[in-house]
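One chain comes next, on its own, written as structure tokens: the form predicted on its own.
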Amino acid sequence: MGRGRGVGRAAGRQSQRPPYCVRCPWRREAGLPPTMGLELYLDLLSQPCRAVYIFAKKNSIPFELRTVDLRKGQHLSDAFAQISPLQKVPVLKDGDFTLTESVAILLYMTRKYKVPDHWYPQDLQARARVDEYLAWQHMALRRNCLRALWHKVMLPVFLGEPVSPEMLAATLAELDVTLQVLEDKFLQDKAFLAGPHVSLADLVAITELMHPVGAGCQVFEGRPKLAVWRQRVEAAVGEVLFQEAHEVILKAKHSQPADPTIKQKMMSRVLAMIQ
């Protein structure tokens, strides 16, 4: 991180304050002016949050991290709804400008900051390949990786809701089909999903796949091509940053049971999310 461009005390360092700022109560009560630099509202339990976090850190983009603890229901608070009416993470704030949706946030950062071209190439067809993957993944790989995590770990462990063996088996079978499409359609015999260099497509894909890995699923077992691709992406990102970003999800199976009040607030949203 460049010290000269950091926001607050350090770029990318988590604030010790609650995850609300700019027009939020604690800054006014403390007599502090609005934060004018880049702020990222994230929970690294979330796969799109991990993609945004890795991209910003890897490219030395200065930001203030505002942690929103999903398992404590902080995203459902009235205060956070003032920042994100959708009550979802990630959220980017750049001064008075607020942006939601992870792909939009990633593209915003590629356009605002000087990042290497391989992330989102200027070449028309190379960029189209990245766009193609980003358009496909949301209702395919993301959906199935999310369902695998919730059906295997988060529902039974965090929310105390049993999942039938039949339901879990069907979820994992659907994930397996999607992994085959990822290999056959997108990776093929290339080094990375969109070509010879790592791109946003790879970053989004690997953070999705770490969801079922965090649930104990051996998604790379028996898939040597995909396993080698994972090693390439991890090396391109940097092993230390990769592990840092995935520390939370790799401990997800040890989640403490949800507070009953939080469970009541979350349950309908969770069921809608994983349908």
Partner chain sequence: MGLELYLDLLSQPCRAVYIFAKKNGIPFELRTVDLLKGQHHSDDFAQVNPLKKVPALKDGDFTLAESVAILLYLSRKYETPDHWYPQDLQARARVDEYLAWQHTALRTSCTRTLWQKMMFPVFLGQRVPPEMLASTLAELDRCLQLFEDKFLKDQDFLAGSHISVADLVAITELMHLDLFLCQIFKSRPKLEAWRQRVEAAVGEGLFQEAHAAIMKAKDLPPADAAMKEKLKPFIQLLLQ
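Numbering follows the first chain given and starts at 1. As the structure is a computational prediction, the values presented were derived from the model and not from experiment.
Absent from the display: the form predicted in complex with the partner chain. The rest refers to it.
- No residue in the set T171, D259 and I262 has a non-hydrogen atom no more than 4.5 Å from the partner chain in the predicted complex.
- This chain is displayed alone, yet in the predicted complex one of D117, E161, E101, E183 has a heavy atom within 4.5 Å of the partner chain; that residue is E101.
- This chain is displayed alone, yet in the predicted complex one of V177, M167, A81, M139 has a heavy atom within 4.5 Å of the partner chain; that residue is M139.
- Residue heavy atoms within 4.5 Å of the partner chain in the predicted complex occur in exactly one stretch of 73-81, 150-158, 190-198, 122-130, and that stretch is 122-130.
- Contacts of stretch 105-122 with the partner chain in the predicted complex, defined by any heavy atom lying within 4.5 Å, are made by L107, Y108, R111, K112, Y120, listed in sequence order.
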